[in-house]
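First comes one chain, alone, set out as structure tokens in the form predicted on its own.
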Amino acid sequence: MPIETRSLRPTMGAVVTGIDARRPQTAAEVAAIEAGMDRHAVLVLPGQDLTDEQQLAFTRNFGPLEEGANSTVRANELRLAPTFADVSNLDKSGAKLARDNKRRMAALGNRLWHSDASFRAVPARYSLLSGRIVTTDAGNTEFADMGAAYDALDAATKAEVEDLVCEHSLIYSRQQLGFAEFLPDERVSMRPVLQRLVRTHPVTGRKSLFLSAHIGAIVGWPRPEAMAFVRDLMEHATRAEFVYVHRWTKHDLVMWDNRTTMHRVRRFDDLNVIRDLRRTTTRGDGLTVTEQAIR
């Protein structure tokens, strides 16, 4: 079956058919997917009934895996292998997480607009989310086109953001929701890292904003001024004209480029309804700034 791509929005998002992610991919298939990612930033591959092993094998076509994705979860609490981010409301026994469960509390941060692993010195490249058990009346995933958001800035704001550097940390995003139960070793592992506020795509050369709920400061700015400015940029970047809303169907495999998008999950009844999505992530191309020491 030939590979076919159908655009979902003018600047972001496409449905791809003709790919079977369960089997080894040819070089031409991998190149077609990467070209689609460069063009659309978000790809939806429907009907991919994957095992964990098949998802890992497919993901490895696009670079080394990001491990330890569930950074706020202890190893003995993991339901899945550390190569996965467990985007579910289930514990190791398969029971739904209690309302006050620490992992559930931390996962509520996924409802904030963010870019995966921007809190790591080398942020993520691609994320791949497999819909094993999905909700159809809620729990949509929304994606914001950060290239289009950058293009829509006025000239003065483009000049202002060009050289800005932000601090990113999981602590910053979780604190927005009042979650502050971090152990001393967690606070060490979640030390802020520096990321440029404007990134240039290595293939297309297109500039985009690198925003995320993980931002907690702008280097050289008073924190209140920095966070007010970041909030303004977030409101701009998530306007309806920049957003694609994905409504899940079972066995969807959704890929996105963290370098040029933000995303968030919408609320669903996670105390009563099971949702089991499993994310694999590839490491990025390198540091976005040369010096990673916090100044």
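In this text, residue numbers run from 1 along the sequence as written. Just so it is clear, the structure is predicted and the values come from calculations on it, not from any experiment.
The form predicted in complex with a small molecule exists for this protein as well; it is not shown, and the discussion that follows is about that form.
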property	result
Residue contact check: S208 to the small molecule in the model of the complex, 4.5 Å heavy atom	no
Contact label in the model of the complex: M12 to the small molecule, heavy atom within 4.5 Å	no
Proximity of N110 to the small molecule in the model of the complex, heavy atoms at 4.5 Å	yes
Any non-hydrogen atom of N89 within 4.5 angstroms of the small molecule in the model of the complex	no
Partner-facing stretch of 23 to 31, 256 to 264, 50 to 58, 37 to 45, counted where any non-hydrogen atom is within 4.5 angstroms of the small molecule in the model of the complex	256 to 264
In the model of the complex, the one of L194, L129, M190, A144 near the small molecule [non-hydrogen atom within 4.5 angstroms]	L129
